[in-house]
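This document contains two forms of one protein chain, each encoded as structure tokens and listed individually as structure 1 and structure 2.
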Structure 1
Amino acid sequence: MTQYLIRRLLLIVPVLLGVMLLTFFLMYIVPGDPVLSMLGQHASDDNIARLREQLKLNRPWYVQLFSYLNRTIRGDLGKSYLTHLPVTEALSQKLPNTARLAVTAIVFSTIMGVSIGIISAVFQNTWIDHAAMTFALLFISTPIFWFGMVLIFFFSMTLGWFPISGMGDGSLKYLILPAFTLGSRSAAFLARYTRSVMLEVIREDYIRTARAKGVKEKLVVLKHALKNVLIPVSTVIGLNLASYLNGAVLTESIFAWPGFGRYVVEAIQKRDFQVIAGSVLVGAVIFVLFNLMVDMLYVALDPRIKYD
């Protein structure tokens, strides 16, 4: 296990280096100019040249690349072109907000999706199964931005149960609608995926043996089948959480949630390279670490799995 973990951690290094290089070259070649975004289209040539020199954007690309790699390897993600604040400081403020939203959404989607999937599989081809899969298909097919606006109109503007947007004082009432919006599609996908895996598991020989021994159906499902269902399902849950931390852009925009995704979108619109590069790198770290955590979780869920 230790050797496997060391190898996986060493493999993270070239992955992150590739992400850094790709991010730099994409930002270097795509249209747009951060200086013009800051000064406006009608800025004088002198002001543009002065700001380029101040931001060190007038240097050759290879000099900028070396400076960027050297600084990032030392843990310095630079300063925002627009706010002049360190990127690490801004991310330390935005990521906890997104983490709260992501964790709440993943708890909701996991409980709801896995429960519906198991119930649907146990009652296969009944009206319960058909109703559950119909609702799952409906949620998967519904765009998040439209679903979020429907929730705001019904529960906030019509009934007045929840705030329309923002974090407010950080209480739970501000979190419920964004978390439900973010987790709805994943819950539907988990329900369909859990149902599919569950149907395969309950046809295995050891399940038939347990039933032949007279084990109650409830114990067969929860004790014998669920353990094996959770192994592939845990992969989806782990990657969903990583994607929530990186890509809750639409939800954060709809509900004016001051999180990581919204921060990155604003940086892209303004061509704030330091923020974009730092955010993409942090997002890549989150993905590779969560992927590693899921692999480690396999061992805890299934003792038969060994990493040599």
Structure 2
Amino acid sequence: MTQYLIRRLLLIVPVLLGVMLLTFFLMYIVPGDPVLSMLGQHASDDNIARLREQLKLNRPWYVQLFSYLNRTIRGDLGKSYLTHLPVTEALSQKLPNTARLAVTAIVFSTIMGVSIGIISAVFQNTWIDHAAMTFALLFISTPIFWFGMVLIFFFSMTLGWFPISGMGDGSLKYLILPAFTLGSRSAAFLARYTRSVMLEVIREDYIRTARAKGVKEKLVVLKHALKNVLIPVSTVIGLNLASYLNGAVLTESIFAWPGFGRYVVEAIQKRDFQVIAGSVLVGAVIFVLFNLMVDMLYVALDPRIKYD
């Protein structure tokens, strides 16, 4: 296990290096001059030249690459062209808000997804199953930014039950709609997946044994089957993390939630390249580390799996 962990950690190094190279490359090919977008169209040639020198933009690409790698590894993601605030600092303020939204969404989607999936499997091929799976596919096919908008229209604008946007004082009423929006698609995925795993598990020998010895059906499902369903399901929850980071960009932009996603969207509108590059890099690093954690969790949950 320790050996496996070390090997996995070592494998992350080239991947992260590749991620950094790719991010650098994307920023390098950005059309137009970032200096112009920082100083505006009417900047004097003198100022432009000075800033170019300051940002090392007139050095050859490999010097730029080296200095980029050097500072990125030390955790310096550069400064916003517009606010001059370091990207790392801004992200450390925004990420906790996104985490709060994402964790609520994950809890919601797990409870909804797993229970709907199990109910669907238990009532396989009945109207309950068909209705649940139709709804699941509908949610998967609905753009979440549009779904969020519909929720705002009905529950905030028409009924006035929830605030329209923002995080306000941080109370629960601000959290409910965005978390529901962000979690709905994952809940639907999870329901479909849980159902298919459950249908497999329920045909296993040990389930037949449990039934044969007279265990009540409720217990068979909730005790014997559920445990074995939760192992694969928990990895899928973890692997879904990317969809939460993607979804946060769209959800936060709809609900004006002051997190990571909204930060990225604002940077897109203002063409603040440093912020975009830094955020995308951080998104990838979070994703890579979480995937590793999910793999570890998998081993911890399932004693049948051993890595050597």
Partner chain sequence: MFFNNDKKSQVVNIKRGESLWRNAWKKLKRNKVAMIGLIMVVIFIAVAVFAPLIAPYDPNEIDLFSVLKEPSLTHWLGTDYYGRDLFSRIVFGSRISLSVGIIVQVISLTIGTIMGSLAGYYGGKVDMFIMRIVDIVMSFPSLLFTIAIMVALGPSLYNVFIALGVVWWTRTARIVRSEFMRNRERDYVDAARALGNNDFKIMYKHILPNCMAPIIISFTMGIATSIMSEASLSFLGLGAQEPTPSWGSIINNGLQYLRVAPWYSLFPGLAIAYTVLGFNLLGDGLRDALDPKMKEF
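FYI, numbering is relative to structure 1, first residue = 1. In this text, rigid core is short for the largest set of C-alphas that superpose within 1.5 Å between two forms. Just so you know, these numbers come straight off a predicted model, no measurement behind them.
Remark: the form predicted alone is the source of structure 1; structure 2 originates elsewhere.
When the rigid core is held fixed, the Cα atom of residue 274 travels 2 angstroms or more between structure 1 and structure 2. Here residue 65 does not count as shifted, since its C-alpha moves by less than 2 Å between structure 1 and structure 2 after the core is aligned. In this overlay on the rigid core, residue 265 has a C-alpha that sits 2 Å or more away from its partner position between structure 1 and structure 2.
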